[in-house]
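First comes one chain, alone, set out as structure tokens in the form predicted on its own.
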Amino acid sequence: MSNGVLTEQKPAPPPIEKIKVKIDGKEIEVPKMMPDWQGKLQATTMLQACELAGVEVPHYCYHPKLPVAGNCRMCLVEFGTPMMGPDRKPVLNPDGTPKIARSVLPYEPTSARGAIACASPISPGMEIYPSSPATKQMREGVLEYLLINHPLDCPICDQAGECKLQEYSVDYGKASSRFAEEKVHKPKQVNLGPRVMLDDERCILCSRCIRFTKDIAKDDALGFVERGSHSTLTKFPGKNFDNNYTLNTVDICPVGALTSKDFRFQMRVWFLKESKSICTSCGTGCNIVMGSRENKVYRYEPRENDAVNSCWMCDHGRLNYKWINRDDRLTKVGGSKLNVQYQDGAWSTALRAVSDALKNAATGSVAIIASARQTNEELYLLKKLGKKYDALTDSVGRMDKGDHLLLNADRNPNTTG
């Protein structure tokens, strides 16, 4: 009861059920269920448990916002489960602890039989060994396999500096190669669509792009053809890869197979200054990262925010950055009624003239035409000014067609503001 009024008490949410597992010998409690890529609860996987423990498990095909495929095998880990006796009760060690049956025998580390951490659920008492010799051996083998036919063109690859194949090769791979045969050659500089270029020799067949276009963008336009070492990524015959979200496949490609035609060969990523911002191309307000150097913007990338845009953004907003450095932008101010000539540095004079005119303005004699592309802070101040003079206010509307995912029909970011 509050102030004599009965208020309905909401039932407390049920406690999160947790189970104990060991990761590299350290026991932790993790939730039994965790959200999947659609936000639905599912059994917690080994990879998620390791992430909660602060232990990295390398992966290529897995992405937290995409369906699990389990086809790259990079996340293979050794694990152990409590050994059960004929009576279905745990077998105990002399000290009373459960006896663990490891997937790899300690005296025979070459008999590696790991589990893919991205798709294998945890169970009570399980032990995961992401740093064991057997796990390291499995990772080395997977990387060696991926690099057999991969072109060693890192110096000219646009993905250099943010390539997971580079990083994992250094962290988990071998320094030398045993492969002496001719590499398999595949199509290069393939035009998938108006904004995306494909280099099939670099593709590691992780299928992230295929799952994104099918399950997120709802445009099932990509797929694999051929078999074995000759498998290649391609678009659907007779169909261009041209939806409004194609450049997200460039973001999630872990290697340099898919590149943006707009950013291709423009700037090395390690030279870019990254600034957090908001996309101003429509009313959705996608969170973004602006990449710039020496006062020039080179690209927009999505910044993860599950409440707004998850970790995606549309091509329309992503490529709408070139207006910032356009030569025909208004940078000078002036006007005959303000008695100010159009010239550099005239802003202070013009603002003073407007301020003087408003000082002597009568209530009801002022009208304000604002832009809904201004910031909320600027619009708030204009609203205060409008209230003071009882002004007629309006803004320029910009409406166009929206879509099913992120693009809003209102092309102004702050119409409500």
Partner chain sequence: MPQEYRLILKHADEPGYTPDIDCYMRNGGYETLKKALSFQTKDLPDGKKQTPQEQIRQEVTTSGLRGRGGAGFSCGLKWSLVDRKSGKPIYMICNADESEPGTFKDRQIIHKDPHQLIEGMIVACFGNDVHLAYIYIRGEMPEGARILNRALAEARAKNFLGKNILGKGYDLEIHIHRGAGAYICGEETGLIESLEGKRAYPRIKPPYFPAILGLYMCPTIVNNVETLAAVKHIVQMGGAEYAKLGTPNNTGTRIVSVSGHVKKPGYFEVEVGKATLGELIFDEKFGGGLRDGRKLKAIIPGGSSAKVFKAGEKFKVKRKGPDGQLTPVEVDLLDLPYDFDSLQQAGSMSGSGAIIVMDDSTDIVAALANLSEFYAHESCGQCTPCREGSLWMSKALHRLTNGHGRKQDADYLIRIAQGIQGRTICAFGEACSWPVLSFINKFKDEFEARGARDEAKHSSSAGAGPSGEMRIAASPQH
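Just so it is clear, the structure is predicted and the values come from calculations on it, not from any experiment. Positions refer to the first chain, counted from 1.
What comes next is about the form predicted together with the partner chain, which is not displayed.
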(message) Quick check on this chain: which one of 183, 268, 261, 188 has a heavy atom within 4.5 Å of the partner chain in the predicted complex?
(response) 183
(message) Which residue, 211, 73, 299, 235, is the contact with the partner chain in the predicted complex, using a 4.5 Å heavy atom cutoff?
(response) 73
(request) Determine which one of 63-71, 357-365, 381-389, 49-57 lies within 4.5 Å of the partner chain in the predicted complex, judging by heavy atom distances; exactly one does. (result) 63-71
(message) Although the partner isn't part of this model, could you tell me whether residue 225 comes within 4.5 Å of the partner chain in the predicted complex, counting any heavy atom of the residue?
(response) yes
(request) Considering only heavy atoms, tell me if residue 346 and the partner chain come within 4.5 Å of each other in the predicted complex. (result) no
(request) Using a 4.5 Å heavy atom cut-off, state whether residue 119 contacts the partner chain in the predicted complex. (result) yes
(request) Examine residue 146 and determine whether its closest non-hydrogen atom to the partner chain in the predicted complex is within 4.5 angstroms. (result) yes
(message) Does the partner chain, in the predicted complex, lie within 4.5 angstroms of each residue among 137, 178 and 205, using heavy atoms as the measure?
(response) yes
